[in-house]
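The chain below stands alone and is given as structure tokens, in the form predicted on its own.
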Amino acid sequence: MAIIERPSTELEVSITPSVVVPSTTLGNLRRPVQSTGWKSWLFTVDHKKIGIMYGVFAMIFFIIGGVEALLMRLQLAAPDGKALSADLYNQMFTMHGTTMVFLFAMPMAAAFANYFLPLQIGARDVAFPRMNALGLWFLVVGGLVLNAAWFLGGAADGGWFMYAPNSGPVFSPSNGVDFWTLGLQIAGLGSLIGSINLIVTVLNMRAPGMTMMKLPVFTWMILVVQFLLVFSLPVITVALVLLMFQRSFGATFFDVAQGADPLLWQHLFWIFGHPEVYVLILPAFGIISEVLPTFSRKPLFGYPFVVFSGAAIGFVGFGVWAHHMFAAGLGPVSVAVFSIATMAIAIPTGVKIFNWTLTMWGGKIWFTTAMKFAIGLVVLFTIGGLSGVTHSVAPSDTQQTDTYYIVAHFHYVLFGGMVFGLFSGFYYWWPKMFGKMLNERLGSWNFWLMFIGMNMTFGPMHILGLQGQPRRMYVWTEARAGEGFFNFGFWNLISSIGSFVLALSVLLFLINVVQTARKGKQAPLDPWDARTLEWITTSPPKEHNFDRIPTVHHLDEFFHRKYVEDEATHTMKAIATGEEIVRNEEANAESHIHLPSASYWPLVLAIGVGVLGLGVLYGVPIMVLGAAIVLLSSFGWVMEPSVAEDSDYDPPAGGTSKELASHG
């Protein structure tokens, strides 16, 4: 079927709605009695509130990681920097990388997944609401344990990759690495629980008629990510347990003097670490695969190719880990195999870029802030991808390893790709989540400052790396600066200035959020003329998501309820507005809708696991206390009813659809 465009008169969508229908006035459904205030957040099992809390905690850690990065760039802005000592610099770059990967990127992707995946598949909630809450609190406890090291003797200092033997007790005698191993194990347990939960949700709770090939691309990418986590997290967990036993109980898993091989750690870490790259980037790919069609006013070009290329990226991503180890002496056969695999994984990524570009080609593009960030991702990720392909050439990779060229590459991929995708999602879905429009003028400044700051910060690092500046150096001298255009001094200064421009862009976003919360415009129900199922309900959605579970007949079901094809002109003709569709859903609401009850046991259990972990460092009594909390909370969880008596919706009028229950 050819690409179908709507007439331009039907394509104009104003940010300021002519009619705004607040969610509080839509319909007359009786809401259940629920706790309010701080209890309604700490004890919630509502996937939407959990998603918001994931986002809040991730943003807090993003700011912490950003401050750590600014301190590093301040140290390197000029020769003989005095801002940080060598030891403190080691802690900074270790915690910066750890925080950004494990405490910002993964939780922020989980925020979008938790909030929107059930909405996109037409479900009331996730499959296991209380396990969902447990995953959140494991993340929070793990993050607190990781950062507690700053106040208890010093943070981890072995790099976010924590290579042996540097991570052993000889070279890292403080407790920082111990906090690191414990924090990551706890946070990783939360990610594993969440991944199983989301897989079950997608496979078992889709709305009637929603086949796998009618799933939105965002849901598809999240599903692929959950399988990546299920297969990769156990590997890093094994590595962390081995490291913990070596440090705390005298084991010798990575001790060369005892006949062990430190490369074992590298293999275990990168078997997890390279799929982790796609755990971070695929959610952003999913977000812009929703944004680009909406603001290009066209269907996504080649939907099956985008879906299967995402799955191919996940599959091939498990076979390229050793390109991180070309300098480790693996031998020519291993190097050749992983070089070919590294080239191969560029193919499905290129397919996505091709499809995104053709989605925009010929469209009537609406340059909202969300669209700008989506286009920014395509541009910057392409640059990062091209520099990444150079690492498939083993001699080149060997020269670039441990230089700033590598730092430039993975920041173009992760910041230029992942972060730009996440910010596109912020601006696109904010009206749905909070019922208010983020300021587009501030958003535009946010984008341009971030785009300029990103290139100022990480672009020069390509030059620095090719000129031989090594990674993880805490100071450089005037004697090493060099002369002329390609000198350390000039490009380090540009990079440091760019980092503060980046910080300013994030500050503008936070100002935008605060301003919107105080006096932002109320959002219409369908501000973007959107295409997918999450827009078929109020903004923000009700506790039960949908007044009746929608029946799906098309890919982009919401769009096809608003438009039909005119057979004479082969264009799309409007037959209903988003507001009319939502009102129709409410008028035919299901009766007696069950909701899961709130529970404080997930929070208590997560705290108990954190205390139990700290007992490894601080003695048996603390370990016993933690074990007691875990046992008590587990017993309370089992004995607590999953659905409260007052958790039913009972509207005065409604349909006769079958009752749907979510149990934790």
Partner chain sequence: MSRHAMSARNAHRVRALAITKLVGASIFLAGCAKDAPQDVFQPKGENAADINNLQYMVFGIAGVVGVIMTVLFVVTMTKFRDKGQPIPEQSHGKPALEITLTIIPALILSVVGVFTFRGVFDLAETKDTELVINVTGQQWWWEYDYPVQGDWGIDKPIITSGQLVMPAGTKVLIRETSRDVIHSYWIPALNGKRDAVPGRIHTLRLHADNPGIYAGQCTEFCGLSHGNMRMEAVALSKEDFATWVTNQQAAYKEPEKDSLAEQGEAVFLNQCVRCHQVNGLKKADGTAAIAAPDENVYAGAAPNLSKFMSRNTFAGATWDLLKKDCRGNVWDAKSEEFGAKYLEGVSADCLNEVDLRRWLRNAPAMKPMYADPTKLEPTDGKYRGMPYLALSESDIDKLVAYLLTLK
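Residue numbers count along the first chain shown, from 1. Since we're looking at a predicted model, the values are computed, not measured.
Omitted from view is the form predicted together with the partner chain, to which the following refers.
Trainee: Identify, from the list Pro165, Gly154, Gly520, Gly489, the residue with a heavy atom within 4.5 Å of the partner chain in the model of the complex.
Mentor: Selected option: Pro165.
Trainee: Heavy atom within 4.5 Å of the partner chain in the model of the complex: which of Phe305, Trp150, Phe434, Trp445 fits that? Just give me the one.
Mentor: Contact check passes for Phe305.
Trainee: If you check in the model of the complex, do Val56, Val67 and Met92 all have a non-hydrogen atom within 4.5 Å of the partner chain?
Mentor: The answer is no; none of Val56, Val67 and Met92 reaches the partner chain.
Trainee: With a 4.5 Å heavy atom cut-off, would you call Glu585 a contact of the partner chain in the model of the complex?
Mentor: Glu585: no, not in contact with the partner chain in the model of the complex.
Trainee: Wondering, does Asp87 line up within 4.5 Å of the partner chain in the model of the complex on heavy atoms?
Mentor: Yes, Asp87 is a contact residue.
Trainee: Considering non-hydrogen atoms and a 4.5 Å limit, does the partner chain approach Tyr474 in the model of the complex?
Mentor: Yes, Tyr474 is a contact residue.
Trainee: Just checking whether Asp402 would be counted as a contact of the partner chain in the model of the complex - the rule being heavy atoms within 4.5 angstroms.
Mentor: Judged by the heavy-atom cut-off of 4.5 Å, Asp402 is in contact with the partner chain in the model of the complex.
Trainee: 214 to 222, 534 to 542, 102 to 110, 394 to 402: which one contacts the partner chain in the model of the complex at 4.5 Å, heavy atom to heavy atom?
Mentor: Heavy-atom contact with the partner occurs in 394 to 402.
Trainee: Can you list, in sequence order, the residues from 150 to 171 that come within 4.5 Å of the partner chain in the model of the complex, counting heavy atoms only?
Mentor: The stretch touches the partner through Asp157, Gly158, Gly159, Phe161, Tyr163, Ala164, Pro165, Asn166, Pro169, Val170, Phe171.
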